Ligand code: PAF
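Shown here is one chain on its own, the form predicted alone, set out as structure tokens.
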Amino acid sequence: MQIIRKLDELNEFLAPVWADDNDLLAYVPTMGALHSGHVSLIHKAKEVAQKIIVSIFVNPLQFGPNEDLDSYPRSIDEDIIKLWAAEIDYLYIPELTEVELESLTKINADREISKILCGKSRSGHFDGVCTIVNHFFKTIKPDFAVFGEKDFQQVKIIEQMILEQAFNITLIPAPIFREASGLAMSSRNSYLDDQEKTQAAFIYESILKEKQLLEDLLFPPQEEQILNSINTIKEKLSNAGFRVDYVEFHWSRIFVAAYLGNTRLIDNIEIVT
């Protein structure tokens, strides 16, 4: 595994890959604090490409003024060990200054997709995601990019950005990777103690229990009953001690965002399989 920190080093190491049509490059963007879910993205990348590059960059552009940029979990030494074990080819840890970040081409997320779900409560979040991903796509020039479906709205936004910016990149969505309890793996789970992790698993449990009912209500669509089912999930979460941000139905999935204490947790499950 080659660790790269500078853009000129990136160009030097990737030039032979770009020049070889038999070496396909898959890119896994991360913000570090890696867990088994991230490793599952790498396994997905290895299914489609000969060379794998992972980036670690906590992107200030996607954090709001009252969000957890300063406290976001960072564990670079442990991350490097995990990536060695995962046998990737390149680890890119860019050192972008505030001035360099400000100079990046600003990319606005699709307005229709970004106005729902997390876009409603995290103003500018997806614009920040698109701006940095656009930059990495242009500098890394991958054939494939792997994104986890836990952030399914982000997947849809990046898909649209790839079309709008005419990137020759195939986005590979990877299924949500879960704890044994069902809790969707997330770097922010490190904010939770053991008791809170057990409690947090109730998010998945609550939407899983409504899955069959919602499937039965979709053909033909029974809007009032679907709304009742969504409200049932909200009520269960509120009664279990969560502060619900949203429970909504899009893209044949039910989406949940809820706070447990100060920790914001998201999850989704496909209803029509």
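Take the two forms, superpose them, and find the largest set of C-alpha atoms that agree within 1.5 Å; that set is the rigid core. Here the structure is a predicted model, which is why all the values come from computation and not from measurement. Each residue number is its position in the shown sequence, starting from 1.
What comes next is about the form predicted together with ligand PAF, which is not displayed.
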- Task: Quick one: find which of 126-134, 108-116, 85-93, 195-203 has residues within 4.5 Å of ligand PAF in the model of the complex by heavy atom distance.
- Result: 126-134
- Item | Selected contact from 213, 244, 31, 69, since only one has a non-hydrogen atom within 4.5 angstroms of ligand PAF in the model of the complex | 31
- Note on the structure: Of 59, 50, 40, 222, the only residue with a heavy atom within 4.5 Å of ligand PAF in the model of the complex is 59
- Each of 147, 151 and 154 near ligand PAF in the model of the complex, meaning some heavy atom within 4.5 Å? yes
- Task: Note yes or no: does the Cα of residue 180 move by 2 Å or more between the shown form and the other one after the core is superposed?
- Result: no
- Does residue 166 move its CA by 2 angstroms or more between the shown form and the other one when the core is aligned? no
